[in-house]
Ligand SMILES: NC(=O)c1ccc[n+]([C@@H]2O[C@H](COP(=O)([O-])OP(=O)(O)OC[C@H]3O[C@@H](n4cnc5c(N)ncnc54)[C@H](O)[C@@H]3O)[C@@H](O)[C@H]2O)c1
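Okay, so here's just one chain, in structure tokens, the form predicted on its own.
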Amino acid sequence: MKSISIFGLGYVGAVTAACLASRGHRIVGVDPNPLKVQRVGSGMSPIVEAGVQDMISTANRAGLISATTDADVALARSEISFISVGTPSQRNGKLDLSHIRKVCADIGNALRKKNSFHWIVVRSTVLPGTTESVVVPAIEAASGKRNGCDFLVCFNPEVLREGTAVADFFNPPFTVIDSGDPIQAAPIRELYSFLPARVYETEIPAAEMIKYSCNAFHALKVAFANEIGTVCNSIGIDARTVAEIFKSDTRLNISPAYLTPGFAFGGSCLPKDLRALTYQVRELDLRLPLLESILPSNSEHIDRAADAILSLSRRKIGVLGLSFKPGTDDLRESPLVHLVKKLIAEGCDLQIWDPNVALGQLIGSNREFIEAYIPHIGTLLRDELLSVLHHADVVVVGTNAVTRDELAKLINDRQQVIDLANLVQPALRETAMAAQA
């Protein structure tokens, strides 16, 4: 069993303290509020949350939980410290990290007086980069010690919902732990070894981003359901019936489908149907910002791709892929077609390869669209991949018809590759590489 100090006895800290104490770990809660400290010391929960009171009371009787306002006392009594202090919003939306900085200084000052190695686990929700740029430097400055040598900072995002926090702790969807050193982080992994969920180990910034990804998606789902419900109610449709049928599709709607980052969407259905729905929304005199922002968001993704290509200041461009998705010859509203048109307008010298697209074989509305949108597209198409690659200084990959390994064997060192499925601005890529050097 471990000795653990938990800094911050709000919802996350109190639930974490209660649940870890129930597993037999010895817990010291730390909080500047003497009322919270007094309640925990008396075997009472500082928050209202199902199950927490019983666990704290039981742990208190067993001598497994105590609380203090003194960081020195907490560090002396523990080998692992959790940081679970609040990170509220400022008026402009920026995170207020004052509580984080204060607790890091307290922990750092306490570490000065401690000779043994110590583990520090950040549970507070912070933006990517905060642990490495704020937490670690603050503790190092206050302690005079080094991360990875005298102590280790890990990031472990919480996935607790108020009202079901205890159930969420013991049955999480996943557990994410990272420190940059899997061997040194082993004691933290051991704390969660009893949980049924998969444990992910990744880089700290990615672990920090997980919490924001989850919360943004949860908010998105609520807003989406409410906006669709608003449309239904406005035209006399039973919104709950629509929602039930919608949720029954676990292959596409409620599933991992469409949740892997990639290039913009296109085709004959999604853009057309979104335009029709948002037009009706305007006719109903409704304001539904989420639905109305989807097409502009999609266009921004195409613009980012164009900016990334043009920023390289090379005009000979080879585009691999043209249809709106692999395995089809459908060019209608293909984001690649929109991208090609932008590059042509900027004076780029393009050649295009798509094994599924032969202009002479296009028929019906598919042919009508491309002839109206880019009449001379046929002069840019090439039958041979090598022909396009030999032409290009910049290779734009928008298809899976050629694998990345195959492509790597065919290009040379002077050529640059823009992968639309994993779009990184060249300037950002160079900055990241410089930071890692």
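Heads up: residue numbers just count along the shown sequence, starting at 1. No experiment lies behind these values; they were computed from the predicted model shown.
Keep in mind that the form predicted in complex with the ligand is missing from the display, and what follows is about it.
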query: Triple contact flag L9, P32 and S124 to the ligand in the predicted complex, non-hydrogen atom at 4.5 angstroms; finding: yes
query: Contact label in the predicted complex: G86 to the ligand, heavy atom within 4.5 Å; finding: yes
query: L160: touches the ligand in the predicted complex, heavy atom cutoff 4.5 angstroms; finding: yes
query: Close approach of K102 to the ligand in the predicted complex, 4.5 Å, heavy atom; finding: yes
query: Touches the ligand in the predicted complex: E227 (any heavy atom, 4.5 Å); finding: no
query: Residue among H301, R332, K342, K211 with a heavy atom within 4.5 Å of the ligand in the predicted complex; finding: K211
query: Contact residue in the predicted complex, chosen from D150, E292, E140, D106 - any heavy atom within 4.5 Å of the ligand; finding: D106
query: Candidate stretches 77-85, 216-224, 344-352, 277-285 - the one whose heavy atoms come within 4.5 Å of the ligand in the predicted complex; finding: 77-85
query: Within 4.5 Å of the ligand in the predicted complex: residues from 129-143 (heavy atom criterion); finding: none
